[in-house]
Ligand SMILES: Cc1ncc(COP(=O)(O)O)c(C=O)c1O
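Below you'll find only one chain, the form predicted on its own, shown as structure tokens.
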């Protein structure tokens, strides 16, 4: 008798597995996790108390429409309510975007290396990923991306700042790109790390979307706001796109706890600014220290740094773990290091200095 198994979609055989940042092992030498771009600080003032209170209604479904959160977002960012959609983190909303625009035979275009979820969510939808190499400076090559657009292109991701390199696309080149991109192709400005940008020449995507119906802005509460464990993100787009995102959202995907915590976080703007400034200061301190050791780093506008290590990538990651910090290696390319607690950052700098002497 031949054992039969359920038939699964053949397309899934080509879907890469998402690799989360490796956690610090319990009882092991690695005490600090610098591998997932998480905020090292606890929730903003009042947020934890709000979340605990919201947990009292765990026996009830959350508000499917995220009514209160949507109203808060509309007011906070001065956008129409009909232009908003929420989801399970920005990656959840990104998947909704692909589902809303692309299917078999269609193409989704993005820079590479960039956010590693892009090829996953593209292939899950049955669409074809088109990856355009970054420039030598680890920045989006927007001219090459324009040249890669075909009549099958349905969606373009522009990760700004880019994950994992931290580099940015500035106003003039981004506006030129948007003006030349076909109006029928949706361009998504993935701004998961926008709060950490200190380059005045990098535009806020909300300024660019308002008079461009084919532009969507993607944001998250996971990074600067420190709600990575609650999974809540949102998109701002013109009404047809936002309506499609609401249709493709997982029903009740954003929990009541997440909704209430996000609202409380939006109302703690001053504390948010203080924490982000502290992280930006640490970013500068660590970058200066590494540069002083002889490392060549792309300028980061995110809450992480990129070390292009090539074939020594895994060796460096192993050295960091032995010293007590876990980083995010991309084999054969480089290491992404989240800016964390000062103690963790100091360990990273020390290991990098010792490793540099071996090169």
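Residue numbers count along the first chain shown, from 1. Keep in mind it's a predicted model, so treat the numbers as computed, not measured.
The same protein has a further form, the form predicted in complex with this ligand, not shown here; the description that follows concerns it.
Only one of 100, 122, 90, 167 comes within 4.5 Å of this ligand in the model of the complex through a heavy atom, and that residue is 90. Note on the partner interface in the model of the complex: the residue among 153, 95, 222, 259 having a heavy atom within 4.5 angstroms of this ligand is 222.
This ligand is not shown here, but in the model of the complex it comes within 4.5 Å of a heavy atom of residue 118. Although the partner is absent here, residue 163 lies within 4.5 Å of this ligand in the model of the complex, judged by heavy atoms.
Put simply, residue 142 is far from this ligand in the model of the complex: not one heavy atom of it is within 4.5 Å.
Taking non-hydrogen atoms only, residue 159 approaches this ligand to within 4.5 angstroms in the model of the complex. Comment: 82 to 90 is the region of 82 to 90, 242 to 250, 273 to 281, 209 to 217 lying near this ligand in the model of the complex, near meaning a non-hydrogen atom within 4.5 Å. Residues from 191 to 212 that approach this ligand in the model of the complex with a non-hydrogen atom closer than or equal to 4.5 Å are 192, 193, in the order they occur in the chain.
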